[in-house]
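For reference, the chain that follows is the form predicted alone, supplied as structure tokens.
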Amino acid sequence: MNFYIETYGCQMNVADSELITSILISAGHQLVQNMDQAELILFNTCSVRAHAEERVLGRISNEQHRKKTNPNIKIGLLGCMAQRIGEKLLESNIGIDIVAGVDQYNMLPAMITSDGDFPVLLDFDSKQVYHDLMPVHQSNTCGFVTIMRGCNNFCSYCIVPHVRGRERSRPWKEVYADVKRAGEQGLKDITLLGQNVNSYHDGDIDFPKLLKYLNSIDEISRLRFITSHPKDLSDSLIEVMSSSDKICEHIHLPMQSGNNRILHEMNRNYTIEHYLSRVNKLKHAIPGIAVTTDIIAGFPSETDAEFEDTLSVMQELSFDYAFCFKYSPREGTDAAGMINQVPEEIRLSRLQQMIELQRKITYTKFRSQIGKCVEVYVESFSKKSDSFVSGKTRDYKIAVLSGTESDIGTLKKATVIDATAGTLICE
């Protein structure tokens, strides 16, 4: 069958879609880039916020007309949303034919050809790491490599442990082989993925040791990783980051709140003092490192003063970028049942304040780069003009500069001559 995948959510879902593509192609199916050519339409979904699920339900509804003209078309629901409410959606008869959870992708070929014998598979598999499966990378320049699956942290607001199962690490030799093969395919900028990469462990190989091995791979030029949990960011990891030439000068370190009581209610297992000490140590060990973060506005019972604490820390640390969200209750999490839920209008107001503050900080950060020489890994043409190419700096800032198709996939030294709140203009 010709199949089409539409992916929602985080980079982990992007990597899973590449894994699913590998599984289906190995079974004789064909990936198409246009939904009009597809006999099998797969939605790989996200459940982190209600809005993400609402978007998918809207898309499934929109595509039902295809079944009227071609009754052989099948629609599949995959990923976190499938794990959370897939069985309920299948029973509601909204037009879904198959539902597969995050540990059941190997069963997709059988599900597709089963004529309805088992339309839903959602069992967690505590040992599933998809051994010896090389994903089909969608990019010609950058690659995602999953190093672990699941999460053990159970932050009180987060649905991820409930829909992705417990934490397990892939064998380090398989990770090494995946990164090396990606480099051989021309993907020079590699991002390692995990819900908490800092807790990676395979025998006596922890995350810092894994990074040391991967830094030695000649076929790649850059190495990144997401996401790091502040409670597990060790001195040894900071040392490896500072001494490894391929590890980029950027870390994504979710803060979530700048107030200790709220952090406790979130079950984050660190204080804001600990968070500040980790960021300061990173900045001392790696001058110029870019720190990005996630922050939640309007967590249950958050007061105006506690919200102001978060704004104060944002100003103190001057994050290069912050992904800001209003709290979204998720059924099944501890926070959804907490009393003193913050009214929606207050959550939205706090979110807007947060976004406006971060926009000013980010603009200042980008403008401070003017006059500096940066290394740009060219990934594509600029969206605005084919006379310019676009890529990322080592500290994860988008940069544009004049160039041609031959520059794509290469490293370029460039001088920053101007900057917006989201792009470095270089020559």
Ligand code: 5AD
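Note that the coordinates shown come from a computational prediction; the quantities given were computed from them, not determined experimentally. Residue numbers here begin at 1 and follow the sequence given.
One more form of this protein, predicted in complex with the named molecule, exists but is not displayed; see below.
In terms of contact with the named molecule in the model of the complex, the residue from Gln353, Ser301, Ser328, Thr292 that brings a heavy atom within 4.5 Å is Ser328. Site annotation in the model of the complex: the residue of Lys365, Arg359, Arg49, His29 reaching within 4.5 Å of the named molecule with a heavy atom is Arg49. Heavy atoms within 4.5 Å of the named molecule in the model of the complex belong, among the stretches 152 to 160, 67 to 75, 269 to 277, 170 to 178, to residues of 152 to 160. In the model of the complex, the named molecule sits within 4.5 Å of a heavy atom of Gln256. Although the partner is absent here, Ala100 lies well away from the named molecule in the model of the complex, with no heavy atom inside 4.5 Å. The closest non-hydrogen atom of Ile296 lies within 4.5 Å of the named molecule in the model of the complex.
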